[in-house]
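What follows is a single chain, given as structure tokens, in the form predicted on its own.
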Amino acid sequence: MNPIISESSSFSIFARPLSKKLQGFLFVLPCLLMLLLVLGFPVVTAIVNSFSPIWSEVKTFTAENYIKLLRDELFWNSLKVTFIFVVSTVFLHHVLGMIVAVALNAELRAKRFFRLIAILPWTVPDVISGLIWRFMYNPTSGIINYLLIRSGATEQYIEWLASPNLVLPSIIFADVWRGYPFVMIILLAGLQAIPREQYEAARVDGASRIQEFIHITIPNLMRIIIIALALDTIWQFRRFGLIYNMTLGGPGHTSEILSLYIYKHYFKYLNFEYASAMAVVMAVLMIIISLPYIRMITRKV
């Protein structure tokens, strides 16, 4: 008997009792164990700390930290700033990302070159991007004020990051520049998957470009848009480095998002229990935001 055949047959005999679902679980088991080790321990620790009394030597579990959150005006302010920041940036990411994706999906010369240029902002790290924009917004030596004064648009220096009314729009503009390529790549992949026959049939029927976009592009991209919306919202909710390097949450607390407020309490004020409670609240909010994406993925599976 051929030894190769005998070995393969014996392997198939031992492998037969295992169902495909169980085999799949065995394949992903190392990754699951790694996730439990890397993520599980910090999550459990944060939850336990969030129910621990502040400055107490006795280990009892209370909701003191969560009750304190309800009375913390700075917490509610950071939550409001976070929602304004997330809603504004996600909306502008999708608008700009859609415009650029549609433009790059057209038949253009040097298409690869333009795609490379469009994706460059996404390659800049979050921290570096914050430093670059902070220097650009500098009231005396920044290039933005220099161009505005040279063009005659203004005659005085503008305090972009020191004005309570301008700081958040300035941060949003910087984040839109850096973040739109992420959405653009997802939408561009969806655009390339739309059959060209649908557009050709619409042109035969005399449809305009706007009608093609409304009745063909948007319906075909709806699933991709929902995925991009969910992922981008999660990313924006976690944004930290850009704002930290641009304003540190100032002036005052006008640009202090929730992740930055948690960071200050944990590493600056050393309020570990209170910061853990805010981190748990933030995690719950992100899970709620992720539900449409999770449902979509599980239905597909």
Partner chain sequence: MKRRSGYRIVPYFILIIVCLYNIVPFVWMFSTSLKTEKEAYKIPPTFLPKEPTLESYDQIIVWTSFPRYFLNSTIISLGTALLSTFIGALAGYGFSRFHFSGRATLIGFILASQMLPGVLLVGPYFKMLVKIGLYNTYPGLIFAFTTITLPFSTWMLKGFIDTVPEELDQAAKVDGCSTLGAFLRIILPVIAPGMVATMIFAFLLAWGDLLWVLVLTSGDAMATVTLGLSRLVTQFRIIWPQLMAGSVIATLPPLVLYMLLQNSLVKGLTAGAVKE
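A quick note: this is a predicted structure, and the numbers were derived from the prediction, not measured. Residue numbers count along the first chain shown, from 1.
There is another form of this protein, the form predicted together with its partner chain, and it is not shown here; the text below is about that form.
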* Asked: Should residue 209 be classed as touching its partner chain in the predicted bound form when contacts are defined as heavy atoms within 4.5 Å?
  -> yes
* Asked: Should residue 166 be counted as a contact of its partner chain in the predicted bound form, where contact means heavy atoms within 4.5 Å?
  -> no
* **Contact test in the predicted bound form: residue 76 vs its partner chain, heavy atoms, 4.5 Å** => no
* its partner chain contact at residue 153 in the predicted bound form, heavy atom, 4.5 Å -> no
* To do: Heavy atom within 4.5 Å of its partner chain in the predicted bound form: which of 177, 83, 213, 91 fits that? Just give me the one.
  => 177
* **Contact residue in the predicted bound form, chosen from 95, 106, 87, 201 - any heavy atom within 4.5 Å of its partner chain** => 106
* Structure fact -> Contacts from 168-187 to its partner chain in the predicted bound form (any heavy atom within 4.5 Å), listed N to C, are 173, 176, 177, 180, 182, 185, 186
